[in-house]
Each structure stands twice: as structure tokens, then as C-alpha cells.
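What follows is a single chain, given as C-alpha cells, in the form predicted on its own.
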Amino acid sequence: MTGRTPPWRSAGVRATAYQLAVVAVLIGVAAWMTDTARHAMQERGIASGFDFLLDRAGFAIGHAFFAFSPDESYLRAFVVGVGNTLVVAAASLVAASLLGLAVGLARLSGNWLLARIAGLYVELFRNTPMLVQIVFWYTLCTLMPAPRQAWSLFDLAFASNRGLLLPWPERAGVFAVAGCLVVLGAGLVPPLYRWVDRLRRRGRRPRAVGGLALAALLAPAVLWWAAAGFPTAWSVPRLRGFNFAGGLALSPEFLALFLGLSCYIAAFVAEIVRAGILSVGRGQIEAAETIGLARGDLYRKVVFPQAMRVIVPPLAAQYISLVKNSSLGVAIGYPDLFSVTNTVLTLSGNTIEAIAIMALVYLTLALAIGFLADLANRAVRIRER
């Protein structure tokens, strides 16, 4: 009778032991380096630790989408910096996606002039540095007329060297929640269309599909708006003295960074979209056209479901690049996370801790985008039987 094999002779046990040993060594090296750095900083009188986060900041943030005063803490300053980064990144991400989709489709257009203009856009914006583009847009923004000679759009929106002034709801929080509910409602539309497709395959012809989709999209937001009392008051910018008051003010720094990020990333998104569509076999498109599939259904049911498998991975990489490149706003004075971190580490002296916080935030944002992209990739991938 053969005896039992000792655990140390098992390949799996040995592999696990080796990995645990490597992890232990890495932890030990990291602890030693941290302790050495702490002692070196103490000998040189350099501040260390995260207690500084609760100290008074003592500086103002020029353009913030969130209220901040010099009497608040460094921690609050970091929060405002992260908020400014998220606002410009989210706005640029949406704009780059829509613009990139339009340019990518235009490059595939049968219209010679439209395709050439789209190709020129891609080559121009893709092959010039993003920082140069951001500075270019900032220069244009600062060369616009003064507030008293501002360009006006129906006396509702104004553009000047102080930025772009737009009408804005007085109860913006209600509309913000309604917008989030529209996004959630959009998640109900694909299951609705899949249900309609199943009915059609069974020989039934459901009516008012578009109306049902619109109701699924807007009903949650409308119900929330009704529960809030149907707020309709808007704050419209008006010239008061040498500047405008009221409405939503978008500074030249925000506009320049937004345009720079959007136009640059859109050029890459356009090429990704074009490559994804071209990856779909021409025979499948011709077959869909042969059976009389409408143009919209052709792209919704045949082209985009297959193209998304090619589009999602490189698109996620561009989104991550957009978030990280938002730090270039420091070149034009936009108070994003990078700019706020520079001010904090200069005033507090906690250089290592401030940089570590900034790096952790950017890492978290990148990992979050990667996680969402992985979910999207799993949803569109071909499932093996």
C-alpha cells in the first residue's frame, strides 16, 4: 500500500509557498524603505504624516464647481480638486465620444468632401501634442472681447474673455438628479428592444415601440421632477458693472482644457469607431440589406453589436488617457487635482503624502474606468457554447 505523499512534495503546495515568500519579502522591503524614508525626513526636519489634512488651507481656489474658502482644510481642498477633475473629465469624455462617433462615421461616408474633412480632422488633432492644443484654445478664449462687448446668443448666453455664461436652473440639484435618472432610464431601453424583437420573431407586431422606449427613458426623471414640484425657474446671466452675474460661468481655463481634451481624444475615438465598423464583414451588411433591414436596424442589430467587441478595449484606454491628461490643466491654471496638490505640498511641506494622495486618486479613477470597460466587454463578447 502506497503511503501518502508529503505536502512539501506537492507542486501546488510548493508554488503557494514560493509566492507567499515573495510577497513577504516585498512587504518587508516596502516596510524597510518606508521606515528609512521616515527617519531621513525626520533628521532633515521634513514634515510627515497625514495629520496636515485637517489643518487650515489658507489659500483660495480660483474657479471651483464646489464652494471653498481659505479657512477650510487641506482635505476639503483635495475634494474640490478631485471634483474639478471629475467635472472636466466627464464633460470631455461625453463630448469626445459623441464627436469621435460622428467623425468616425463621416470617414466612412460615401460623400467625398465629408470623408476628406473628417480625415483632415483626425490627422490634424491626432498628430499635434495635446498640451499645444490646450494652450491654443486658452489663447483663443483670452482673445475674446471684454464682458461689455461680449458675444450674445439671444441675450441668454454670453461669451467673453471671462468665459462662457449659460442659463442655469435655480434648483440645479433637482435637474442633476433628473439627469442621473435619464441615464438609468437609458438602461431600460435595450431590454425593451430585445423584448420587442422576441415578439416579432413570434409573428406579433407590437405598436408604439418608439413611444415605449421614450417613456422608459424619461418617465423616472419626469416623476422625480413632479415630486420636486415642477421647478422651472432659471438663472439667466446679466451684465452687472464690469462682469456678468447669474447663470453658470465656465472659465476660460475650463473651456480650454475641455476643448483640448475633447478634440484630441475624439480623433482617436474616430479611428477606433472606423476600425470597429470595418471589422464587420461586408457580406453580413449586404445580407441585412437584402432582407430589407432598415438603415437604423442594420447598425443597431448587425454592425454595432459586432463592432463593439473591437471598439471597447481601445476605447477604454483612451478614456483612461483622457482622465490622466486632465492634469495638463495645470499649464493654464485650471484648479484640478494636480494644481491643488502642487499648492498643498508647497504650503504644508508634506510632499510625499500629497503626491501619494494624488497618485492614489488617479489610480482609482483609472481602475474604475477599466472595471466598467471590462463589464461592457463581457456584455458584448461572443459567448462560447
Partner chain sequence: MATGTAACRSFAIAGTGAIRPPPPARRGTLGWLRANLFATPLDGAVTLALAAAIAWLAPKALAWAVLDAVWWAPDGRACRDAAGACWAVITEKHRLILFGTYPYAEQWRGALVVLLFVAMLAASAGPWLAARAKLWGWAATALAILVLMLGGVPGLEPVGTHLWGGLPLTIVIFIGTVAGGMPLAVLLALARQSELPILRALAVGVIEVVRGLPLLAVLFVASLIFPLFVPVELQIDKLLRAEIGMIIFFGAYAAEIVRGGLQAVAAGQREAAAALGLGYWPRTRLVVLPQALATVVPPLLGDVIRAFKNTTYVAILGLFDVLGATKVALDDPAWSRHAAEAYLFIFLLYLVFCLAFSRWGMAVERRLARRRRG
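Take the two forms, superpose them, and find the largest set of C-alpha atoms that agree within 1.5 Å; that set is the rigid core. Positions refer to the first chain, counted from 1. Keep in mind that this is a model prediction, so the values were computed, not measured.
This protein has a second form, the form predicted in complex with its partner chain, left out of what is shown; the following refers to that one.
ask   = For E286, is any heavy atom within 4.5 Å of its partner chain in the predicted bound form, or not?
value = Flag for E286 set to no.
inquiry  = Although the partner isn't part of this model, could you tell me whether A316 comes within 4.5 Å of its partner chain in the predicted bound form, counting any heavy atom of the residue?
reply    = Contact check for A316: no, nothing within 4.5 Å of its partner chain in the predicted bound form.
task = Report whether the minimum heavy atom distance between L153 and its partner chain in the predicted bound form is within 4.5 Å.
result = Contact check for L153: no, nothing within 4.5 Å of its partner chain in the predicted bound form.
inquiry  = Given that its partner chain is not shown alongside this chain, does S69 nevertheless sit within 4.5 Å of it in the predicted bound form, heavy atom to heavy atom?
reply    = Result no; S69 lies far from its partner chain in the predicted bound form.
request  = Tell me, out of A60, A40, L54, I27, which residue has a non-hydrogen atom within 4.5 angstroms of its partner chain in the predicted bound form.
outcome  = Looking at A60, A40, L54, I27 one by one, just A40 meets the 4.5 Å heavy-atom criterion.
request  = Look at the candidate spot formed by T85, A275 and R378 and say whether its partner chain comes within 4.5 Å of a heavy atom in all three of them in the predicted bound form.
outcome  = No.
request  = With its partner chain left out here, work out from 154-162, 85-93, 249-257, 103-111 which stretch has heavy atoms within 4.5 Å of it in the predicted bound form.
outcome  = Stretch with heavy atoms near the partner: 103-111.
query = If we check its partner chain in the predicted bound form, which of the residues in 121-135 reach within 4.5 angstroms of it by a non-hydrogen atom?
reply = If the 4.5 Å heavy-atom criterion is applied to its partner chain in the predicted bound form, 121-135 yields E123, L124, R126, N127, T128, P129, L131, V132, Q133, V135.
task = Take the rigid core as the frame of reference and indicate whether the C-alpha of L20 shifts by 2 Å or more between the shown form and the other one.
result = Comparing the forms between the shown form and the other one, which are aligned on their rigid core, L20 does shift its C-alpha by 2 Å or more.
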